[in-house]
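Take a look at the C-alpha coordinates below, where one protein chain is shown in two forms, each on its own, as structure 1 and structure 2.
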Structure 1
(Lines of atoms letter the chains of each structure in order from A and count residues from 1; the text may use other names and numbers.)
(Lines give C-alpha, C1' and ligand atoms only; values in the text may rest on other atoms or scores of the structure.)
Protein backbone atom coordinates (compact mmCIF):
# COMPACT_ATOMS: atom_id res chain seq x y z
CA UNK A 1 0.00 0.00 0.00
CA UNK A 2 2.74 2.46 0.89
CA UNK A 3 4.65 1.72 -2.31
CA UNK A 4 1.60 2.10 -4.55
CA UNK A 5 1.68 5.94 -5.00
CA UNK A 6 5.38 5.95 -5.85
CA UNK A 7 5.07 2.96 -8.15
CA UNK A 8 2.09 4.57 -9.89
CA UNK A 9 4.21 7.62 -10.56
CA UNK A 10 7.00 5.45 -12.01
CA UNK A 11 4.50 3.66 -14.26
CA UNK A 12 2.87 6.89 -15.50
CA UNK A 13 5.97 9.02 -15.98
CA UNK A 14 8.66 6.44 -16.80
CA UNK A 15 7.46 3.01 -17.90
CA UNK A 16 4.53 4.07 -20.09
CA UNK A 17 6.49 6.84 -21.87
CA UNK A 18 9.35 4.43 -22.50
CA UNK A 19 6.87 1.87 -23.88
CA UNK A 20 5.70 4.59 -26.26
CA UNK A 21 9.32 5.22 -27.28
CA UNK A 22 9.75 1.51 -28.03
CA UNK A 23 6.59 1.57 -30.17
CA UNK A 24 7.74 4.67 -32.07
CA UNK A 25 11.11 3.05 -32.76
CA UNK A 26 9.32 0.66 -35.15
CA UNK A 27 7.31 3.39 -36.91
CA UNK A 28 8.04 6.24 -39.29
CA UNK A 29 8.29 9.73 -37.83
CA UNK A 30 5.50 11.43 -39.78
CA UNK A 31 2.93 8.84 -40.86
CA UNK A 32 3.48 6.39 -37.96
CA UNK A 33 3.69 3.62 -40.54
CA UNK A 34 5.12 0.34 -39.27
CA UNK A 35 8.66 0.01 -40.67
CA UNK A 36 10.04 -2.81 -38.53
CA UNK A 37 13.79 -2.70 -37.91
CA UNK A 38 14.46 -0.01 -40.52
CA UNK A 39 14.95 2.75 -37.93
CA UNK A 40 17.54 0.67 -36.10
CA UNK A 41 19.37 -0.03 -39.34
CA UNK A 42 19.36 3.69 -40.14
CA UNK A 43 20.71 4.57 -36.70
CA UNK A 44 23.55 2.04 -36.78
CA UNK A 45 24.48 3.17 -40.29
CA UNK A 46 24.60 6.81 -39.18
CA UNK A 47 28.17 8.10 -38.85
CA UNK A 48 27.21 10.73 -36.28
CA UNK A 49 25.58 8.08 -34.07
CA UNK A 50 28.64 5.84 -34.16
CA UNK A 51 30.93 8.74 -33.35
CA UNK A 52 28.71 9.99 -30.51
CA UNK A 53 28.35 6.47 -29.07
CA UNK A 54 32.11 5.88 -29.14
CA UNK A 55 32.77 9.28 -27.54
CA UNK A 56 30.21 8.56 -24.82
CA UNK A 57 31.71 5.15 -24.06
CA UNK A 58 35.19 6.65 -24.07
CA UNK A 59 34.08 9.43 -21.75
CA UNK A 60 32.51 7.09 -19.21
CA UNK A 61 35.38 4.61 -19.52
CA UNK A 62 37.91 7.32 -18.68
CA UNK A 63 35.96 9.33 -16.10
CA UNK A 64 34.36 6.70 -13.88
CA UNK A 65 37.55 4.80 -12.88
CA UNK A 66 39.34 8.08 -12.18
CA UNK A 67 36.40 9.51 -10.23
CA UNK A 68 35.83 6.37 -8.15
CA UNK A 69 39.53 5.98 -7.32
CA UNK A 70 40.17 9.65 -6.59
CA UNK A 71 37.04 10.11 -4.47
CA UNK A 72 37.85 6.97 -2.45
CA UNK A 73 41.39 8.22 -1.83
CA UNK A 74 40.13 11.60 -0.63
CA UNK A 75 37.48 9.95 1.55
CA UNK A 76 40.07 7.74 3.27
CA UNK A 77 42.36 10.73 3.85
CA UNK A 78 39.57 12.94 5.21
CA UNK A 79 38.26 10.14 7.41
CA UNK A 80 41.60 10.05 9.22
CA UNK A 81 41.75 13.80 9.85
CA UNK A 82 41.25 14.99 13.40
CA UNK A 83 40.29 18.58 12.57
CA UNK A 84 39.00 20.51 9.58
CA UNK A 85 37.08 17.51 8.22
CA UNK A 86 33.71 19.25 8.01
CA UNK A 87 35.20 22.33 6.37
CA UNK A 88 36.93 20.28 3.66
CA UNK A 89 33.77 18.29 3.03
CA UNK A 90 31.91 21.54 2.45
CA UNK A 91 34.62 22.77 0.09
CA UNK A 92 34.43 19.63 -2.05
CA UNK A 93 30.63 19.84 -2.16
CA UNK A 94 30.56 23.45 -3.40
CA UNK A 95 30.73 22.47 -7.12
CA UNK A 96 27.39 20.68 -6.77
CA UNK A 97 25.75 23.94 -5.68
CA UNK A 98 27.22 26.01 -8.52
CA UNK A 99 24.62 26.63 -11.27
CA UNK A 100 25.42 25.38 -14.76
CA UNK A 101 25.39 28.94 -16.13
CA UNK A 102 28.10 29.95 -13.66
CA UNK A 103 30.19 26.92 -14.59
CA UNK A 104 29.90 27.88 -18.25
CA UNK A 105 31.10 31.40 -17.48
CA UNK A 106 34.16 29.96 -15.73
CA UNK A 107 34.78 27.64 -18.67
CA UNK A 108 34.70 30.51 -21.14
CA UNK A 109 36.97 32.62 -18.96
CA UNK A 110 39.54 29.84 -18.63
CA UNK A 111 39.40 28.04 -21.98
CA UNK A 112 38.61 30.80 -24.48
CA UNK A 113 41.23 31.38 -27.17
CA UNK A 114 42.02 34.65 -25.37
CA UNK A 115 41.24 33.29 -21.91
CA UNK A 116 43.28 32.97 -18.74
CA UNK A 117 45.01 29.69 -19.57
CA UNK A 118 46.19 30.82 -22.98
CA UNK A 119 47.30 34.12 -21.48
CA UNK A 120 49.37 32.21 -18.95
CA UNK A 121 50.86 30.00 -21.65
CA UNK A 122 51.89 33.02 -23.70
CA UNK A 123 53.56 34.63 -20.69
CA UNK A 124 55.51 31.41 -20.12
CA UNK A 125 56.71 31.47 -23.71
CA UNK A 126 54.25 28.93 -25.10
CA UNK A 127 51.59 29.12 -27.79
CA UNK A 128 47.84 29.33 -27.67
CA UNK A 129 45.86 26.11 -27.47
CA UNK A 130 42.40 25.76 -28.97
CA UNK A 131 40.94 24.21 -25.84
CA UNK A 132 37.42 23.91 -27.22
CA UNK A 133 38.30 23.54 -30.92
CA UNK A 134 40.81 20.69 -30.74
CA UNK A 135 41.26 17.30 -29.11
CA UNK A 136 41.86 19.12 -25.82
CA UNK A 137 38.09 19.66 -25.62
CA UNK A 138 37.67 16.07 -24.44
CA UNK A 139 40.10 16.66 -21.56
CA UNK A 140 38.20 19.82 -20.60
CA UNK A 141 34.98 17.81 -20.49
CA UNK A 142 36.61 15.15 -18.30
CA UNK A 143 37.98 17.74 -15.86
CA UNK A 144 34.57 19.41 -15.63
CA UNK A 145 32.87 16.11 -14.81
CA UNK A 146 35.44 15.19 -12.16
CA UNK A 147 35.27 18.65 -10.58
CA UNK A 148 31.47 18.53 -10.44
CA UNK A 149 31.08 15.01 -8.99
CA UNK A 150 34.19 14.46 -6.87
CA UNK A 151 32.69 15.82 -3.65
CA UNK A 152 29.44 13.90 -4.05
CA UNK A 153 31.19 10.55 -4.47
CA UNK A 154 33.58 11.37 -1.65
CA UNK A 155 30.67 11.88 0.76
CA UNK A 156 29.16 8.55 -0.29
CA UNK A 157 32.49 6.82 0.36
CA UNK A 158 32.76 8.46 3.76
CA UNK A 159 29.29 7.19 4.64
CA UNK A 160 30.46 3.68 3.83
CA UNK A 161 33.69 4.13 5.78
CA UNK A 162 31.80 5.32 8.85
CA UNK A 163 29.99 1.97 8.93
CA UNK A 164 33.23 0.01 9.43
CA UNK A 165 33.99 -0.56 13.09
CA UNK A 166 37.28 0.85 14.32
CA UNK A 167 37.68 -2.25 16.49
CA UNK A 168 38.41 -4.32 13.40
CA UNK A 169 41.30 -2.03 12.45
CA UNK A 170 42.68 -2.07 15.99
CA UNK A 171 42.59 -5.88 16.08
CA UNK A 172 44.37 -6.04 12.72
CA UNK A 173 47.07 -3.61 13.85
CA UNK A 174 47.64 -5.66 16.99
CA UNK A 175 48.28 -8.66 14.72
CA UNK A 176 50.88 -6.62 12.84
CA UNK A 177 48.88 -5.45 9.83
CA UNK A 178 50.02 -2.18 8.23
CA UNK A 179 47.90 0.56 6.71
CA UNK A 180 47.96 -0.96 3.22
CA UNK A 181 47.00 -4.40 4.53
CA UNK A 182 44.14 -2.87 6.53
CA UNK A 183 42.95 -1.03 3.43
CA UNK A 184 43.02 -4.05 1.10
CA UNK A 185 41.76 -6.67 3.59
CA UNK A 186 39.29 -4.64 5.66
CA UNK A 187 38.31 -1.38 3.97
CA UNK A 188 37.86 -2.57 0.39
CA UNK A 189 35.79 -5.73 1.16
CA UNK A 190 33.48 -3.76 3.44
CA UNK A 191 33.01 -1.07 0.80
CA UNK A 192 31.88 -3.35 -2.04
CA UNK A 193 28.16 -2.49 -1.58
CA UNK A 194 29.08 1.21 -1.64
CA UNK A 195 31.28 0.62 -4.69
CA UNK A 196 28.35 -0.72 -6.69
CA UNK A 197 26.08 2.18 -5.72
CA UNK A 198 28.73 4.84 -6.35
CA UNK A 199 29.72 3.34 -9.70
CA UNK A 200 26.13 3.25 -10.94
CA UNK A 201 25.42 6.81 -9.73
CA UNK A 202 28.64 8.06 -11.31
CA UNK A 203 27.69 6.37 -14.57
CA UNK A 204 24.24 7.99 -14.56
CA UNK A 205 25.66 11.38 -13.60
CA UNK A 206 28.03 11.22 -16.55
CA UNK A 207 25.07 11.93 -18.84
CA UNK A 208 24.43 15.26 -17.08
CA UNK A 209 27.69 16.81 -18.28
CA UNK A 210 25.88 17.67 -21.52
CA UNK A 211 24.45 20.88 -20.03
CA UNK A 212 27.82 22.58 -19.67
CA UNK A 213 29.16 21.15 -22.94
CA UNK A 214 26.15 22.38 -24.90
CA UNK A 215 26.14 25.86 -23.32
CA UNK A 216 29.85 26.30 -24.06
CA UNK A 217 30.22 24.73 -27.50
CA UNK A 218 26.67 24.67 -28.90
CA UNK A 219 24.95 22.00 -31.00
CA UNK A 220 28.06 20.92 -32.87
CA UNK A 221 31.15 21.00 -30.63
CA UNK A 222 34.51 19.55 -31.52
CA UNK A 223 34.06 15.93 -32.58
CA UNK A 224 36.06 14.65 -29.58
CA UNK A 225 33.31 15.84 -27.22
CA UNK A 226 30.30 15.16 -29.44
CA UNK A 227 28.21 12.90 -27.18
CA UNK A 228 24.94 11.04 -27.60
CA UNK A 229 23.16 13.88 -25.82
CA UNK A 230 24.25 16.27 -28.59
CA UNK A 231 22.95 13.84 -31.19
CA UNK A 232 19.58 13.46 -29.46
CA UNK A 233 19.27 17.22 -29.14
CA UNK A 234 19.96 17.77 -32.84
CA UNK A 235 17.60 15.00 -33.93
CA UNK A 236 14.87 16.36 -31.65
CA UNK A 237 15.28 19.78 -33.24
CA UNK A 238 14.81 18.13 -36.65
CA UNK A 239 11.77 16.18 -35.33
CA UNK A 240 13.46 12.88 -36.24
CA UNK A 241 11.46 10.97 -33.64
CA UNK A 242 11.98 7.64 -35.40
CA UNK A 243 15.75 7.82 -35.10
CA UNK A 244 15.61 9.26 -31.58
CA UNK A 245 13.36 6.43 -30.42
CA UNK A 246 15.53 3.70 -31.91
CA UNK A 247 18.73 5.21 -30.51
CA UNK A 248 17.10 5.70 -27.09
CA UNK A 249 16.06 2.04 -26.92
CA UNK A 250 19.58 0.92 -27.83
CA UNK A 251 21.05 3.31 -25.27
CA UNK A 252 18.68 2.10 -22.54
CA UNK A 253 19.49 -1.56 -23.24
CA UNK A 254 23.23 -0.88 -23.10
CA UNK A 255 22.90 1.03 -19.81
CA UNK A 256 20.75 -1.73 -18.31
CA UNK A 257 23.22 -4.40 -19.44
CA UNK A 258 26.15 -2.51 -17.92
CA UNK A 259 24.34 -2.07 -14.60
CA UNK A 260 23.43 -5.77 -14.48
CA UNK A 261 27.03 -6.75 -15.25
CA UNK A 262 28.28 -4.51 -12.47
CA UNK A 263 25.77 -5.98 -10.05
CA UNK A 264 26.68 -9.56 -10.91
CA UNK A 265 30.38 -8.80 -10.49
CA UNK A 266 29.80 -7.30 -7.01
CA UNK A 267 27.60 -10.23 -5.99
CA UNK A 268 30.33 -12.69 -6.93
CA UNK A 269 32.75 -10.79 -4.73
Structure 2
Protein backbone atom coordinates (compact mmCIF):
# COMPACT_ATOMS: atom_id res chain seq x y z
CA UNK A 1 0.00 0.00 0.00
CA UNK A 2 2.84 2.36 0.89
CA UNK A 3 4.90 1.09 -1.98
CA UNK A 4 2.33 1.14 -4.75
CA UNK A 5 2.44 4.78 -5.98
CA UNK A 6 6.23 4.92 -6.06
CA UNK A 7 6.53 1.49 -7.61
CA UNK A 8 3.94 2.34 -10.24
CA UNK A 9 6.05 5.36 -11.16
CA UNK A 10 9.18 3.26 -11.45
CA UNK A 11 7.37 0.71 -13.62
CA UNK A 12 5.85 3.40 -15.78
CA UNK A 13 8.95 5.54 -16.25
CA UNK A 14 11.65 2.92 -16.33
CA UNK A 15 10.63 -0.71 -16.55
CA UNK A 16 7.95 -0.68 -19.26
CA UNK A 17 9.82 1.73 -21.51
CA UNK A 18 12.95 -0.34 -21.09
CA UNK A 19 11.02 -3.41 -22.22
CA UNK A 20 9.90 -1.34 -25.20
CA UNK A 21 13.51 -0.53 -25.98
CA UNK A 22 14.43 -4.20 -25.81
CA UNK A 23 11.69 -4.87 -28.37
CA UNK A 24 12.83 -2.01 -30.58
CA UNK A 25 16.37 -3.27 -30.51
CA UNK A 26 15.15 -6.11 -32.74
CA UNK A 27 13.26 -3.85 -35.13
CA UNK A 28 14.25 -1.45 -37.84
CA UNK A 29 13.83 2.18 -36.83
CA UNK A 30 11.76 3.38 -39.76
CA UNK A 31 9.50 0.50 -40.73
CA UNK A 32 9.34 -1.30 -37.35
CA UNK A 33 10.00 -4.54 -39.23
CA UNK A 34 11.46 -7.43 -37.26
CA UNK A 35 15.15 -7.65 -38.11
CA UNK A 36 16.48 -10.11 -35.56
CA UNK A 37 20.03 -9.50 -34.38
CA UNK A 38 20.87 -7.11 -37.20
CA UNK A 39 20.89 -3.96 -35.04
CA UNK A 40 23.29 -5.62 -32.66
CA UNK A 41 25.55 -6.59 -35.53
CA UNK A 42 25.50 -3.02 -36.85
CA UNK A 43 26.33 -1.63 -33.43
CA UNK A 44 29.22 -4.00 -32.84
CA UNK A 45 30.59 -3.32 -36.29
CA UNK A 46 30.35 0.44 -35.75
CA UNK A 47 33.80 1.93 -35.20
CA UNK A 48 32.47 4.88 -33.20
CA UNK A 49 30.74 2.46 -30.85
CA UNK A 50 33.86 0.40 -30.40
CA UNK A 51 35.92 3.47 -29.70
CA UNK A 52 33.40 4.91 -27.23
CA UNK A 53 32.96 1.58 -25.48
CA UNK A 54 36.72 1.08 -25.26
CA UNK A 55 37.20 4.60 -23.89
CA UNK A 56 34.46 4.12 -21.33
CA UNK A 57 35.91 0.78 -20.22
CA UNK A 58 39.45 2.09 -20.20
CA UNK A 59 38.31 5.07 -18.18
CA UNK A 60 36.67 2.96 -15.49
CA UNK A 61 39.60 0.52 -15.55
CA UNK A 62 42.09 3.30 -14.88
CA UNK A 63 40.05 5.47 -12.55
CA UNK A 64 38.43 3.10 -10.15
CA UNK A 65 41.59 1.41 -8.84
CA UNK A 66 43.27 4.80 -8.41
CA UNK A 67 40.27 6.32 -6.73
CA UNK A 68 39.67 3.36 -4.44
CA UNK A 69 43.26 3.14 -3.18
CA UNK A 70 43.73 6.88 -2.89
CA UNK A 71 40.53 7.38 -0.95
CA UNK A 72 41.30 4.43 1.32
CA UNK A 73 44.73 5.86 2.14
CA UNK A 74 43.16 9.20 2.85
CA UNK A 75 40.46 7.67 5.04
CA UNK A 76 42.98 5.68 7.09
CA UNK A 77 45.24 8.68 7.57
CA UNK A 78 42.38 11.00 8.42
CA UNK A 79 40.89 8.51 10.86
CA UNK A 80 44.11 8.65 12.89
CA UNK A 81 44.33 12.44 13.07
CA UNK A 82 43.72 14.10 16.40
CA UNK A 83 42.68 17.56 15.28
CA UNK A 84 41.41 19.09 12.11
CA UNK A 85 39.74 15.85 11.10
CA UNK A 86 36.30 17.30 10.52
CA UNK A 87 37.67 20.35 8.79
CA UNK A 88 39.70 18.30 6.33
CA UNK A 89 36.78 15.96 5.78
CA UNK A 90 34.61 18.90 4.72
CA UNK A 91 37.28 20.30 2.47
CA UNK A 92 37.73 17.01 0.64
CA UNK A 93 33.98 16.70 0.24
CA UNK A 94 33.44 20.17 -1.26
CA UNK A 95 33.87 19.12 -4.92
CA UNK A 96 30.86 16.89 -4.54
CA UNK A 97 28.70 19.93 -3.91
CA UNK A 98 30.19 22.01 -6.68
CA UNK A 99 27.97 21.95 -9.77
CA UNK A 100 29.98 20.86 -12.80
CA UNK A 101 28.85 23.91 -14.74
CA UNK A 102 30.26 26.35 -12.17
CA UNK A 103 33.81 25.28 -12.75
CA UNK A 104 33.75 24.96 -16.53
CA UNK A 105 35.52 28.26 -16.96
CA UNK A 106 38.17 27.10 -14.53
CA UNK A 107 38.84 23.87 -16.42
CA UNK A 108 38.87 25.79 -19.67
CA UNK A 109 41.50 28.28 -18.51
CA UNK A 110 43.54 25.57 -16.84
CA UNK A 111 43.73 23.19 -19.76
CA UNK A 112 43.73 25.51 -22.76
CA UNK A 113 46.91 25.20 -24.83
CA UNK A 114 47.81 28.74 -23.73
CA UNK A 115 46.31 28.08 -20.33
CA UNK A 116 47.56 28.16 -16.80
CA UNK A 117 48.86 24.62 -16.64
CA UNK A 118 50.94 24.99 -19.77
CA UNK A 119 52.16 28.35 -18.47
CA UNK A 120 53.42 26.59 -15.38
CA UNK A 121 55.05 23.87 -17.49
CA UNK A 122 56.90 26.44 -19.57
CA UNK A 123 58.10 28.25 -16.48
CA UNK A 124 59.47 24.98 -15.20
CA UNK A 125 61.28 24.55 -18.50
CA UNK A 126 58.90 22.04 -20.03
CA UNK A 127 57.02 21.85 -23.29
CA UNK A 128 53.43 22.78 -24.00
CA UNK A 129 50.98 19.92 -23.95
CA UNK A 130 47.76 20.03 -25.94
CA UNK A 131 45.62 18.98 -22.98
CA UNK A 132 42.36 19.04 -24.87
CA UNK A 133 43.65 18.15 -28.32
CA UNK A 134 45.77 15.07 -27.72
CA UNK A 135 45.66 11.83 -25.81
CA UNK A 136 46.23 13.93 -22.71
CA UNK A 137 42.51 14.77 -22.84
CA UNK A 138 41.97 11.36 -21.29
CA UNK A 139 44.07 12.26 -18.26
CA UNK A 140 42.16 15.53 -17.89
CA UNK A 141 39.05 13.41 -17.63
CA UNK A 142 40.71 11.18 -15.03
CA UNK A 143 41.79 14.15 -12.94
CA UNK A 144 38.37 15.76 -12.93
CA UNK A 145 36.80 12.46 -11.92
CA UNK A 146 39.26 11.99 -9.06
CA UNK A 147 38.75 15.57 -7.96
CA UNK A 148 35.01 15.14 -7.81
CA UNK A 149 34.84 11.73 -6.15
CA UNK A 150 37.79 11.53 -3.76
CA UNK A 151 35.91 12.99 -0.79
CA UNK A 152 32.80 10.95 -1.47
CA UNK A 153 34.72 7.67 -1.51
CA UNK A 154 36.71 8.72 1.52
CA UNK A 155 33.49 9.13 3.52
CA UNK A 156 32.38 5.69 2.35
CA UNK A 157 35.64 4.16 3.55
CA UNK A 158 35.46 5.99 6.86
CA UNK A 159 32.01 4.54 7.41
CA UNK A 160 33.53 1.10 6.90
CA UNK A 161 36.48 1.88 9.17
CA UNK A 162 34.32 3.09 12.01
CA UNK A 163 32.56 -0.27 11.96
CA UNK A 164 35.73 -2.09 13.02
CA UNK A 165 35.89 -2.40 16.76
CA UNK A 166 38.86 -0.83 18.51
CA UNK A 167 39.17 -3.95 20.69
CA UNK A 168 40.55 -6.04 17.84
CA UNK A 169 43.36 -3.55 17.35
CA UNK A 170 44.07 -3.48 21.07
CA UNK A 171 44.31 -7.24 21.19
CA UNK A 172 46.60 -7.31 18.16
CA UNK A 173 48.89 -4.65 19.65
CA UNK A 174 49.13 -6.58 22.88
CA UNK A 175 50.27 -9.52 20.78
CA UNK A 176 52.95 -7.26 19.36
CA UNK A 177 51.57 -6.42 15.93
CA UNK A 178 52.85 -3.22 14.32
CA UNK A 179 50.87 -0.58 12.47
CA UNK A 180 51.38 -2.18 9.07
CA UNK A 181 50.46 -5.63 10.29
CA UNK A 182 47.33 -4.21 11.91
CA UNK A 183 46.42 -2.65 8.61
CA UNK A 184 46.92 -5.72 6.42
CA UNK A 185 45.59 -8.28 8.87
CA UNK A 186 42.69 -6.42 10.46
CA UNK A 187 41.70 -3.35 8.50
CA UNK A 188 41.83 -4.79 5.00
CA UNK A 189 39.89 -8.02 5.65
CA UNK A 190 37.23 -6.14 7.59
CA UNK A 191 36.80 -3.62 4.82
CA UNK A 192 36.15 -6.15 2.05
CA UNK A 193 32.36 -5.79 2.18
CA UNK A 194 32.75 -2.02 1.88
CA UNK A 195 35.01 -2.54 -1.10
CA UNK A 196 32.11 -4.02 -3.03
CA UNK A 197 29.80 -1.08 -2.44
CA UNK A 198 32.52 1.46 -3.00
CA UNK A 199 33.57 -0.07 -6.30
CA UNK A 200 30.00 -0.23 -7.51
CA UNK A 201 29.23 3.35 -6.49
CA UNK A 202 32.47 4.63 -8.02
CA UNK A 203 31.57 2.77 -11.18
CA UNK A 204 28.19 4.44 -11.24
CA UNK A 205 29.71 7.87 -10.71
CA UNK A 206 32.26 7.24 -13.43
CA UNK A 207 29.52 7.63 -16.03
CA UNK A 208 28.90 11.13 -14.78
CA UNK A 209 32.26 12.46 -16.00
CA UNK A 210 30.43 12.92 -19.25
CA UNK A 211 29.27 16.19 -17.76
CA UNK A 212 32.76 17.56 -17.38
CA UNK A 213 33.77 16.19 -20.76
CA UNK A 214 30.79 17.75 -22.49
CA UNK A 215 31.01 21.08 -20.70
CA UNK A 216 34.66 21.52 -21.51
CA UNK A 217 34.86 19.96 -24.96
CA UNK A 218 31.34 19.90 -26.41
CA UNK A 219 29.69 17.23 -28.54
CA UNK A 220 32.77 16.10 -30.43
CA UNK A 221 35.77 16.11 -28.08
CA UNK A 222 39.17 14.62 -28.77
CA UNK A 223 38.70 10.96 -29.53
CA UNK A 224 40.47 9.78 -26.40
CA UNK A 225 37.62 11.21 -24.33
CA UNK A 226 34.76 10.29 -26.63
CA UNK A 227 32.45 8.35 -24.30
CA UNK A 228 29.35 6.25 -24.83
CA UNK A 229 27.15 9.11 -23.72
CA UNK A 230 28.58 11.30 -26.51
CA UNK A 231 27.85 8.60 -29.04
CA UNK A 232 24.28 8.06 -27.84
CA UNK A 233 23.62 11.79 -27.94
CA UNK A 234 24.87 12.00 -31.48
CA UNK A 235 22.84 8.98 -32.56
CA UNK A 236 19.90 10.50 -30.77
CA UNK A 237 20.16 13.63 -32.85
CA UNK A 238 20.10 11.46 -35.98
CA UNK A 239 17.07 9.61 -34.59
CA UNK A 240 18.96 6.32 -34.92
CA UNK A 241 16.72 4.69 -32.33
CA UNK A 242 17.45 1.19 -33.55
CA UNK A 243 21.15 1.59 -32.86
CA UNK A 244 20.63 3.26 -29.48
CA UNK A 245 18.19 0.53 -28.45
CA UNK A 246 20.62 -2.25 -29.21
CA UNK A 247 23.52 -0.38 -27.64
CA UNK A 248 21.49 0.49 -24.53
CA UNK A 249 20.55 -3.16 -24.05
CA UNK A 250 24.18 -4.24 -24.38
CA UNK A 251 25.19 -1.46 -22.04
CA UNK A 252 22.59 -2.44 -19.46
CA UNK A 253 23.67 -6.07 -19.60
CA UNK A 254 27.31 -5.16 -19.08
CA UNK A 255 26.47 -2.99 -16.07
CA UNK A 256 24.21 -5.68 -14.65
CA UNK A 257 26.83 -8.37 -15.17
CA UNK A 258 29.49 -6.27 -13.46
CA UNK A 259 27.24 -5.59 -10.48
CA UNK A 260 26.40 -9.27 -10.10
CA UNK A 261 29.96 -10.49 -10.58
CA UNK A 262 31.29 -8.04 -8.02
CA UNK A 263 28.56 -9.01 -5.60
CA UNK A 264 29.25 -12.70 -6.01
CA UNK A 265 33.00 -12.40 -5.68
CA UNK A 266 32.80 -10.43 -2.46
CA UNK A 267 30.10 -12.51 -0.87
CA UNK A 268 32.33 -15.54 -1.20
CA UNK A 269 35.09 -13.96 0.87
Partner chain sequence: MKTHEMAKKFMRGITYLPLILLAGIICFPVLFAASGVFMQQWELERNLAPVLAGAEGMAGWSVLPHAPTLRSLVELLLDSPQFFVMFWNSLKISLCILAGQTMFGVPSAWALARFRFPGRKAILLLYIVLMLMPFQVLMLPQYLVLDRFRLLDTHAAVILPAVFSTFPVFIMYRFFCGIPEAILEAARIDGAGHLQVFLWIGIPLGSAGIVSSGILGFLESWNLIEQPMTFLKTKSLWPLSLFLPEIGLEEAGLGFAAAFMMLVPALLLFLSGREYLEQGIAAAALKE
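Positions refer to the first chain, counted from 1. In this text, rigid core is short for the largest set of C-alphas that superpose within 1.5 Å between two forms. It should be emphasised that the depicted structure is a prediction, and the values quoted were computed from it without experimental measurement.
- The form predicted on its own appears here as structure 1; structure 2 is the other form of the chain.
- Annotation: Cα of residue 253 displaced by less than 2 Å between the two structures, core superposition.
- Aligning the rigid core leaves the CA of residue 7 displaced by 3.6 Å between the two structures.
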